Each structure stands twice: as structure tokens, then as C-alpha cells.
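Okay, here we've got a single chain as C-alpha cells, the form predicted on its own, with questions on binding and movement later.
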């Protein structure tokens, strides 16, 4: 399939340029003002709206969509007490349909790639494939205090069979045993895989870890050898300067999830200090049960503004840097070299943003508008791997929207 986008305001390397973009099959083959002869199957007039790379959501628990609004207004420890029993009730069928519901929200909001951290990977991958989503899928120990041993080799084979990237995932320092950490580290080394985990999300977690091991969570992971592998950690809300030095020395990626951290009253991550330390920072939504939406525009706004306020400095964390966190940095943290920007040879994961709306005018600074003014409802086309999966309220899925809604209503009645 050959598609020609013309009359576009293109976000390339977080700067706006005017021109055309040519897509052939799954790749971008041209970006510029004077395109070559191109026998396009479809030409799309962007009408001077914004054409940008799709968002890379670097931390999510997408089957949690069915629990949106179920355990609101609680701190993390009490919230887990409510959520875990519900998760244990969910069947693979429940997880499939809840994932499909989340995928609808993803593509409607311009998310084209995700790091998925959940158990029951088969129905999740089936749902992601229905929408053509790009993803890195967790294998390992995604549940708190999981006692049942998992077959890492079998999970890895299944992920590879479905053509997704794999990552060895441990839930947390409080929910994963040292034996399980050791098992994941060995398996990751043997198969050249990255590792990931929730880390330093609450003061309670840091305090409990310090009492138990005489180490902060970051120091504990270093002691285990977990940071020796390419590593991504989620949240990192309560990390001090010594923790950040360790993370920077090991070249660890950090994913911030501000909405989730605010809603659970976990705190505000020191993003500017991380940036100053040279740490690669990406942005994630977390799950809908703690957010309660998959809206990267909301996450970008909060990432940009929270540290400005806590440090009383409006000049830090500029819009361009935030956009990079949600695209280029996210792709880097997940191990994709040709994703997160609009360049020739990159995967054609693209979205169109309608800026012909009052909250975008008078177009003084389109880059700033994307972070401070834009809404997920401004997305009117989402392309993944060269295929248009969403356009003007039409989802190009193998499943019908009405069927997804109907099945999720049944699941809600059954498990909630």
C-alpha cells in the first residue's frame, strides 16, 4: 500500500517543517517538499494540520481497562488490596475483550506502540494483533507476591511467534522474591533481553526496602545485578541524588507516569533532576485502573508542568523535550531504532492532529500547542506499520466496536 500525505506540518525531531510524507508498505520512504514521482494508492490532504509520529506509551497494564473507576481515591497499598482480587477473577476471555477496549482508546488517542506489563500474555497479544499494535510484551512475574513458577522459555517462544518484542519483567522489589529476580536476570542474559520493573513508587516502598535490605530500591537492584542488563524502570518517584547517579551510571531508562502517581498520591518524580543527570526519560500512562485514561497529551502536560511548580522554575522541561520523551525517547527505551520520528526508513507509525480548532489558534507555537493545548480528541487518523487503523471515528479492526462494548459490559457485571 502506497500512501501520500501532502500539505502537512510535519513534526520531525520535535521541530515543525512543511512538506509531504510518502509511505510504502510499513516504511516511510520520503520526507520533504519536492517528492519524487510516486504512484500512490491514496493521497491524503493534511490541510496544514500536524503529521507526527505516534506516541510510544512505555508503561501500561491494558487489561485493567475493565476496572476503570473501580478503586478510586485510595493510596497504592489499599488500592492493590482492591485490585488484586478482581484480577484473579479475570479469565483469558475477559482479558482479551478488556484489551480490545483499551486498544480502541489507544489508537483514538494516537498511541501506536506500547510496553505491556501484565499476566496472561496470549489474549493480550491476540487483541493487540487485531489492531496491528506495535508492542513490547512482558514475560516473567507481573503479579505481586506471585508464588507459582512460570515457564520463561515458553513465554518467550510465544512472544517471538507473535512477532512482538519481549522484556523480562519483575513486578517490584516488594512483590518479587530475590530468587525470581535472579531467574529473570539469568534468562535475560542468556537470551539478550532487557529487564524492567516498578521502582521507588511510594515512600512506603522505599522505607520498607531500606529496613529489610539496608538499601534503597535502586541500590537493591544494583546489588542483585538487575541493572547490568538494559533496563527500564517505571515511576522512580522517590529517588534521591545517589539513586539517580546509579541509574545514570548504568544507563537505565526511566518511565514517568504522572497521572497515576498523582491520583494514588504517590508523589511527583524528579524529572528535571533525572534529565540533568543524563537519564533517558520516557512517558507512560500506567493502567486505566489507576489513571483513568490512556491519554498521552494529559501525561505530557503534567510531565512538563509538575517539576516547573515544585522547583519554581518555568524555564525547565520545555515542550520540545517533553514531545521527545513521548516519542523518540520512548522508542529508545523499548529498543526500537527506527521508530518515534518521521524519517526515511522509519516505521510508518503516524498520527494526524487537527489544529483547526479554537484551542490551537492562533498557531503561535505549534510545538508548544501539542504539549500545552492539544487533546486526544484532536487525533483524527492513526497509522501503524503503514496501515490506517483509525480515521474520523472509524476503527479498522477485525472486531466490531459494538461487540467490544457488549462483551465488556458482560465482564463488568460478572467480576465487579
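Numbering follows the first chain given and starts at 1. Quick caveat: nothing in here was measured; it's all calculated off a predicted structure.
What comes next is about the form predicted in complex with another copy of the chain, which does not appear here.
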(message) Within 4.5 Å, heavy atoms only, one stretch in 324-332, 69-77, 222-230, 112-120 touches another copy of the chain in the model of the complex. Which?
(response) 69-77
(request) Spell out, yes or no, whether the shortest heavy atom distance between residue 238 and another copy of the chain in the model of the complex is within 4.5 Å. (result) yes
(message) Is residue 313 near another copy of the chain? Define near as a heavy atom within 4.5 Å, in the model of the complex.
(response) yes
(request) Would you please decide whether residue 295 lies within 4.5 angstroms of another copy of the chain in the model of the complex, comparing each non-hydrogen atom pair? (result) yes
(request) State yes or no: in the model of the complex, is some non-hydrogen atom of residue 343 no more than 4.5 angstroms from a non-hydrogen atom of another copy of the chain? (result) no
(request) Tell me, out of 104, 274, 152, 185, which residue has a non-hydrogen atom within 4.5 angstroms of another copy of the chain in the model of the complex. (result) 104
(message) Within 4.5 Å of another copy of the chain in the model of the complex, counting any non-hydrogen atom, which residues from 291-324 show up?
(response) 291, 292, 293, 295, 298, 301, 302, 305, 306, 308, 309, 312, 313, 314, 315, 317, 318, 319
